[in-house]
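Encoded as structure tokens, the following chain is the form predicted alone, with no partner shown.
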Amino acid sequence: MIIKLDATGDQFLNCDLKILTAFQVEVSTTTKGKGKAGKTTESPVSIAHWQNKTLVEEFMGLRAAATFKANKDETLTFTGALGETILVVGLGKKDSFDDESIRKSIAKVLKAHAGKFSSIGIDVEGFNTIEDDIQTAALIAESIGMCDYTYDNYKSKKSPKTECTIFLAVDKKNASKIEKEVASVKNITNSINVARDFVNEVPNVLNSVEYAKRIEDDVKKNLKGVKVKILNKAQLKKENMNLFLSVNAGSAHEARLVHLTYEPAKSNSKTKHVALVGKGLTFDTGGYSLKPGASMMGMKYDMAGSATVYGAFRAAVLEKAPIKITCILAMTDNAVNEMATMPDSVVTARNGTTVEILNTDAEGRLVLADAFDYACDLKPHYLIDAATLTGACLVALGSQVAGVMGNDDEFYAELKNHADANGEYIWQLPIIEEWRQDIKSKIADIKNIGTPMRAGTTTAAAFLEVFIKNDVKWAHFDIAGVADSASHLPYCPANGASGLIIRTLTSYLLDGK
């Protein structure tokens, strides 16, 4: 789909489909009109926001208008005087209709109608319950951008591409501001869709070497001024990233660590510096602690953490974030051959900590551990990581909520505010002393799993905490539940990469505080 903006609303009148809205009202006598039979009818809905009064009269002249209740997602379709299709969408009660309701309502309507019309006009004012046309237009554009995604690279018959131009009818006085806001939204939603493409790519194509190359190509093509450094296996050895390399030991492909750096035009020693670190397991067999067959399907998604932080980094750079951002992507697969790391092995991490590896399927924390130490050496003020780290997080919080753990409650509270503002769910889980003790090893400093079937998400975070240094404030996002198949959200694909949490991180990075 193509988003276009008509500042005056004139193009709205010529659209094949016009989307209007109605809210429920408590008293049915609020508005009156003449029914087709010539009798006075009463509408139980509020249509006061409709900009085009002719359409109001046409709606009120319908018999169906008298029985249209404007329940949430209820629709009424009729043909206008110009032969166009008019779709009236019920939004339910006005006082419970918020930002996320706008996103969802738009997505549902578009999915049902975008392929049937060459042009769609949306009356922005009708959705404006937040008293801000600019923000409302941005939310509509965001929903459109997130809906406009299909992954059919390996289909012999591709999904038909529909050219549907969408016009936003807005007040002329806000047109230039809305145009600017919509352009920003497109930078973000395009970055989400780039991340979705990475996550959806198949593992026999997207190995660590190929993944690093694609990131580099995208940066060079689209992110001016970003510095790219890619560490190969030999360089990782020099960096003493032995935990990372232990995961890569059974792979046919070399590990890669992608190091991206962005600095704003006005940057100095006091400029806020945020490091983003992402788990990039292009496929996870579990190693010698082999996963059951059913659990192995879908393990191409195990690099979603790296795609998530890259998507946020990409969007923040395009939007010229006012802070310095470092993005570290640790890429490998976890495979099995005669060189693969065996359970009971002890490996020394980059920071000198010895780790007893009791379960080779608890590999993501090993990769992240060395990446954390590397990132902390760059002296960021904050470090955020994202990883599909534990199945336990999916059990605890389902496929709707991302778990967050860290070492600073105020930092979490700030991230939570950004998540709430973007309609994304996160929830803080604790790291307690008992779990720090639970990962102590009898023969090494620590072990890579705690007590089996007990607090798996948070003992993993307790492990990661060991590798945070230099007083860096840290937040760990376990996105195992939300990274794919977000069928509860109409603006996300029902199957495949969701792109969730990218908006939360982007919002935080752009805030700059």
Ligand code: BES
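As the structure is a computational prediction, the values presented were derived from the model and not from experiment. Residue indices: 1-based, along the sequence shown.
Beyond what is shown, the protein has a form predicted together with the named molecule; the following relates to that form.
Shown alone, this chain has one stretch from 110-118, 434-442, 408-416, 391-399 that lies within 4.5 Å of the named molecule in the predicted complex by heavy atoms: 391-399. The named molecule in the predicted complex comes within 4.5 Å of a heavy atom belonging to D361. Using a 4.5 angstroms limit between non-hydrogen atoms, K291 touches the named molecule in the predicted complex. Residue contact with the named molecule in the predicted complex: L87 places no heavy atom within 4.5 Å of it. The named molecule in the predicted complex is not approached by R256, whose heavy atoms all lie more than 4.5 angstroms from it. With the partner omitted here, the residue from I449, V466, L55, V472 that has a non-hydrogen atom within 4.5 angstroms of the named molecule in the predicted complex is I449.
Checked against the named molecule in the predicted complex, the candidates D370, D385, D284, E142 yield a single residue with a heavy atom inside 4.5 Å, and that residue is D284. Along 455-482, one residue reaches a heavy atom to within 4.5 Å of the named molecule in the predicted complex: A480.
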